[in-house]
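This document starts with one chain, in the form predicted alone, laid out as structure tokens.
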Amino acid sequence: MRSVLRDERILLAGTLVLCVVPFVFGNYWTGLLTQALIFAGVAMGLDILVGFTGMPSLGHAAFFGLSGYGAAIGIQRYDLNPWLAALTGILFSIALAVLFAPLAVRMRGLAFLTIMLAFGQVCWGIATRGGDFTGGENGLPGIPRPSLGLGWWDLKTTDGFYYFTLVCTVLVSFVLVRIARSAFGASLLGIRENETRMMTMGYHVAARRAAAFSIAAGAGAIFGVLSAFFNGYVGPGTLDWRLSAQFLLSVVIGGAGSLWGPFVAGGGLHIVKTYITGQTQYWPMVLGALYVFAVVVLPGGIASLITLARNRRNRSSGPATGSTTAVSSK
């Protein structure tokens, strides 16, 4: 219960800080932070699969991109209302995850990593070779944003869509925190640490792995639709393995199993990527260097910095406390 309250306090504090962004920054930074929130939310959802269940994935971008494609195709090919198209895209991506999960979670370690990479590349290939239906290599531009029907809240403006994204991010984050700190989340940690023991205790390990897989995919699908609406475009790049690698790296750098760490790292990496790609074409090399740095220098990720600082403070205060006690005893 204490960990739930702590996470919810962090969520509330972060929300209050992010609410003032449009008042402090211009349209460029507000738009960039909107995208950062989207990538942060995907990384936080992926942490349920990677950090809590111990299943690193290199195909998670598939669920992110497929929901965007589903919404875009619904609007442009079937003339659906944008809200209905968004729901269709999200449900399509989640349904595919639910169907694929029983096969995927049979694998462990490198085998799971490989099958997810293959799954993501198959989705990428279908989108690339889909002709006019998927837009091929050019993707699908011209995706209109939905309307809330409120004159004072226009999603077509930069600030309006930023606040809409923030609301969606807070809601998804709240659900993920509740899941992670529940008995179900504790069982996922148990599966990660000792699968055999959990099976012996009567837990259906495969079903819980599949549930974690679907939850992570669902979070990715929600933010995939937000990304498509924000950019007004969806293309094969949203399904690419390099984007999956970026999501996975966000979890590693942030600190697997901490939730807020991957959230911070996911948003931060997107901002860093936006800056670096404007300076050089070698972003994948930078991504690899960041991974090596995170593993070697900070294996516990950003989240471990708080623990390290607390331990250092305790060590520094320990001798003083001991000496005081010794003097008083005399």
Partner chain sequence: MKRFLTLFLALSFAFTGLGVAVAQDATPEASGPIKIGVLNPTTGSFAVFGEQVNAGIQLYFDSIGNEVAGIPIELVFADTAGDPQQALDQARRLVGEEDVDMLMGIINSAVVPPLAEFAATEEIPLVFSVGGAQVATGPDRSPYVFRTALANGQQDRVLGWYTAEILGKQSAATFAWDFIVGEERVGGFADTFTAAGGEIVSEQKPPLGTTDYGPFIGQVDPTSIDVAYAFFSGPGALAFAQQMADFGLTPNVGLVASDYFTAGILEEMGETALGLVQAGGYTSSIDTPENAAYLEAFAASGQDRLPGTYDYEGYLSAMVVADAIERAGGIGDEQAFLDALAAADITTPSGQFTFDESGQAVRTIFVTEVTEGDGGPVQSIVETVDGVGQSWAAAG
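Model, not experiment: these values are computed from the prediction. Think of the rigid core as the biggest set of C-alphas that the two forms share within 1.5 Å after superposition. Numbering follows the first chain given and starts at 1.
Note that the form predicted in complex with the partner chain isn't included here; everything after this is about it.
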Could you check which residue among G125, G109, G142, P102 gets a heavy atom within 4.5 Å of the partner chain in the model of the complex?
G142
In the model of the complex, segment of 232-240, 114-122, 93-101, 77-85 with a heavy atom within 4.5 Å of the partner chain:
232-240
Please check if R312 has a heavy atom lying within 4.5 Å of any heavy atom of the partner chain in the model of the complex.
no
Check whether W29 has any heavy atom within 4.5 Å of a heavy atom of the partner chain in the model of the complex, and answer yes or no.
yes
Using a 4.5 angstroms cut-off on non-hydrogen atoms, would V17 count as touching the partner chain in the model of the complex?
yes
Does N138 make contact with the partner chain in the model of the complex, using a 4.5 Å heavy atom cut-off?
yes
For a quick test of reading the superposition: does Y282 move by 2 Å or more at the CA between the shown form and the other one, rigid core aligned?
yes
Does the C-alpha of W29 move 2 Å or more between the shown form and the other one once the rigid core is lined up?
no
